[in-house]
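Shown next are two forms of a single protein chain, provided one at a time as structure tokens under the names structure 1 and structure 2.
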Structure 1
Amino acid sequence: MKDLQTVLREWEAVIGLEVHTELTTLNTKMFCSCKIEFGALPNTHVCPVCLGLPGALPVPNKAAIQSIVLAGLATNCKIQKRSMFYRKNYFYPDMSKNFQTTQGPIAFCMDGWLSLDVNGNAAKERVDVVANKSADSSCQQGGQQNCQLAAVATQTSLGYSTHIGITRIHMEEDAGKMIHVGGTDGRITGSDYSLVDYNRCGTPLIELVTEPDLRTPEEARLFLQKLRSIYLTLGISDCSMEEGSLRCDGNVSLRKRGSSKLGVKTELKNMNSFKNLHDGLAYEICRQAEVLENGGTVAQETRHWEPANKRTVSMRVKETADDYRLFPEPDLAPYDLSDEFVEKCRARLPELPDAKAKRYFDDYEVAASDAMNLAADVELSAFFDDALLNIKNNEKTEGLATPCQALAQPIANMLLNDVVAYLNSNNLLIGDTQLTAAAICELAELRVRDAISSKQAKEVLMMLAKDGGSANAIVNELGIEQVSDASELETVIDTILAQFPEKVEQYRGGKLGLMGFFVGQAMKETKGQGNPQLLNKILSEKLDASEA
């Protein structure tokens, strides 16, 4: 099989995503008051409604409707004032009523879009980036107007930017979970018997469907990451791909570059991590290219991504479209959203990642990519905002002309590098550590003043994360504050030069390697706290000056 880069030069991949998100932050299910809890004992959060007992009726959860309206507003969707629930009829034991309550042709949220910035290596998969003619930046960062063409990649300083249409976001209920006992592959076929856990049954689920505007696996991955950070910022779901509260299926087809006709698509399932989404799509693109280049045709089918074998396998061939016999749910009246309700939701919208990144970039001069990375992480950006607030409120930093701007980037660096590495290796959230916003501000200030070395800063940062406390106090206690007082260091250097006149001679005679010796002596004299850059500078000046 050819590699992705090669395939994408010949072929254009057309990708659409279907993203299912459980509204896990709600207290109760979609149509009953059962608790939503992952990992509870099987069938302990069930009632006549979610068990689909004969005679039970659904009552919609208003908080879930609020969540989907928030999702729609955050993704530039048009909120539909009047929409209906429908019944999607199909038989499967995890569906307690043998129909799923979902939405019909009109979903709560229709016709939205998200912009996507693809930077660095991720941008390399895209071969058809066009120069930015208009240089219009107003459509970026959550701007109101929809000024970019869908799917077109426009060059930016860091890579390119593109625009992904969102067809709809609709509300539905989740099914239960089945465990197939016996058999080899955990499937129902070949198993001895199957167990059903209805705890998940009736969990409110929102399904976002994109237009087929994605062109590379990286774009798909970045889109899902962006959507996840938006949902996390909205607080509507924990978006755990591991626990299945965020699930993504992909539709992909290929066409020859230059062609506008869509090819036959396959539907990909089981891509339960960002990496799997990327790798699954990449494999499938290469597989389809091979089929097509060998003169074959792609079968319209559902395929299963096997991460362990790094391949997709056919699940079932779709000869005819499934007939779900969709019809309006007679137990639920058409849903009328009032303007007041929608406006209340709009007022509740938090600052979204794009706007946050723009603020970090515009107001605090944080590097664009760092700003985006920080803004995408709800916990880190909240911590970063705390730190910025701390600087504004702290009188001690008045010594710096623009303390926020001066300290923001160093704090961003510490958070994105050392702190993220620490969090990942210990599987923690920043809130689980002892690190405070005040402490990281002190530490950044110490670094900016060059009071400690970067190596020392990292050591102190780790101590702050583990044990808490103040950066100043730790530095004082350890006595590691760097000596950056030039006159103090000059005195030390004068003493050393006077102590080793023959070495000075040798240096001036051309043995420049002796610089290390002088620095070492100076560090010894300052008990390791001399500012190395400053020591170097003064030493060179003195040694070179005397020579003249």
Structure 2
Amino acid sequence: MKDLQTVLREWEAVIGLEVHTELTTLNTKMFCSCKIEFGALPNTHVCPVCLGLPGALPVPNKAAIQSIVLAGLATNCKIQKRSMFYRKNYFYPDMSKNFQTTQGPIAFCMDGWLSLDVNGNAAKERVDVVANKSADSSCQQGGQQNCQLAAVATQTSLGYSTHIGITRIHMEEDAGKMIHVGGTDGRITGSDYSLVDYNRCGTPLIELVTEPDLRTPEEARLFLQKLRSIYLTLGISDCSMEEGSLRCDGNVSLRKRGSSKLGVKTELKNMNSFKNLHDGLAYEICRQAEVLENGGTVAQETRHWEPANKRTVSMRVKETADDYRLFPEPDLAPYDLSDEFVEKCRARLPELPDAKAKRYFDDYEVAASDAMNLAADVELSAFFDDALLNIKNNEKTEGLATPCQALAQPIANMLLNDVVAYLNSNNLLIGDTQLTAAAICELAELRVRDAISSKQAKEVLMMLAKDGGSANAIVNELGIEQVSDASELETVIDTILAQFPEKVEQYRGGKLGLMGFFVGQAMKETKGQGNPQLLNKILSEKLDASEA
């Protein structure tokens, strides 16, 4: 097969996502009082309602409705005051009542959108970026569904931005979990027998369906990452792809560049990580291109992504809405959400990642990419905000003209580079460490004042993460504070130059590599505590002056 970049120069990929998110922060299921608990003993959190036994009547979970309204408001959706549930009929062991309770044509949340910034290497997959600066405002004013510039990629200084339409976010109940025993890949094909755990059955699940506005696998990956950060910020789900509380299916088709006619789409399942989402879509795009270029036709079907083999395989012919025989749920009355209910939900909205990144950039002069990365991580951004508050309340930083602006970027650098690397290597969250906002502020100030080197700062940071304490106390205890007094270093350098006149002459004669020798002697005289940058500067000035 051709590689992705080659395919995307000739073909346009049209991608839409279906993102399923369990509302795991709730205590009970959608229509009964059974507990929501991942990893519980099989079939211990079930009752007649979630098992669909005769005569059992569902009672809706108000907190779940509040959560989906929050999700809709955070993704620019129009909240529908009146909607209802339907029965989606299918026969499969993971749903013992043989139908799933879900919303019909009108969901709680309709016609939304999210803006997407694609930067750096991620932007290279897209080949049709334009310089039209009116795309963003047009989409935001008219709504994504009415926007004629949907999926337009508008060039930015770091890459490009685009708007992704959201068709709907609807509420439904999750199915049970099938466990296929035997075989090699955990699938029903080739297994010896299957088990079913109904604990998950009835868990409130929201499904977000995008418009087919995504054009590259990278856009799909970034969209899912952004949506996850929004849901985590809202606190409606733990969004664990490993535990299945965040799942994503992808629909993808191809059309020749310049064509407006949609091709036949396939749906991809089992993309249970951001990498698998990207790689599964990339493979399917290349596979479809090969089929079409060889004169074949793409079948409308559901395909399974096999990460180990890096390929998709056919699962079944794609169902249509008619196959599910949807009809109104007779045991649940239609919903009429009041303005008061919606406004109370709106009042609960926290600062969302985009707004947070803008604040970091505008108020604290954090680099745009760093601001976005910080804002996307709920725990890191909360820690960063604590650090900023600490700076504002700490009188010791008054010597800096603008302490927040002076220290914000160094703190961001430490968090995004050293701290994240430490957390990943030890499989920890920042709350699991002993690092405090006050300590990292002290450390940042020491670096800004050139009191310690960058290497020393990393060593102190690791000590703070493991054992806690004060950065200043650790530096004093280790005796590693740099000498940055210019007059003191100048005296040291004058002594060294006087001791090695022949070396000075050799340097002036063209042996510039001797600069390392002089710096080494100065570091030796200062017991390794001389500021290397300042030593280099003073040495250069004195040697050049001597030469002149």
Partner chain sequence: MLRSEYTNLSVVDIREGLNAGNFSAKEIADASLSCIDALDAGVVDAFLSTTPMLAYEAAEKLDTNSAKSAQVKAGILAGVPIAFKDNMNLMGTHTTCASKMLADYISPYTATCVAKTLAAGAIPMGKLNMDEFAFGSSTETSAFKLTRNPWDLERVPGGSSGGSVAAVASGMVTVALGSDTGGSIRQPAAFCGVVGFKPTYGVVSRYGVVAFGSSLDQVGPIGRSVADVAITTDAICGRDPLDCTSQDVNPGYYNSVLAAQQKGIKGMKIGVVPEYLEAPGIEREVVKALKGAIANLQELGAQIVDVSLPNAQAALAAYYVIGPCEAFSNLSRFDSVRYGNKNDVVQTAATDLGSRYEQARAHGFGPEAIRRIMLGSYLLSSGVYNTYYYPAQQVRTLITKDYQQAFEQVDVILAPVSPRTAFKFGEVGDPTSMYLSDIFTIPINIAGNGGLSLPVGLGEDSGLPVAVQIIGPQFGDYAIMRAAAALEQCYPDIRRIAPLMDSLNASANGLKSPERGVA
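Not measured: the values here are computed from a predicted model. Residue indices: 1-based, along structure 1. Just so we're on the same page, rigid core means the largest C-alpha set that superposes within 1.5 Å between forms.
Decide which single structure shows the form predicted in complex with its partner chain, answering 1 or 2.
-> It is the first structure that is the form predicted in complex with its partner chain.
Take the rigid core as the frame of reference and indicate whether the C-alpha of residue 501 shifts by 2 Å or more between structure 1 and structure 2.
-> Yes; residue 501 is a residue whose C-alpha shifts (by 2 Å or more) between structure 1 and structure 2 when the cores are overlaid.
Residue shift check between structure 1 and structure 2, rigid core fit, residue 39 Cα at least 2 Å | No, the C-alpha position differs by under 2 Å between structure 1 and structure 2.
Cα of residue 194 displaced 2 Å or more between structure 1 and structure 2, core superposed?
-> Superposed on the core, residue 194 moves its C-alpha 2 Å or more between structure 1 and structure 2.
In Å, how large is the CA movement of residue 511 between structure 1 and structure 2 relative to the superposed rigid core?
-> Rounded to one decimal, the shift is 3.9 Å.
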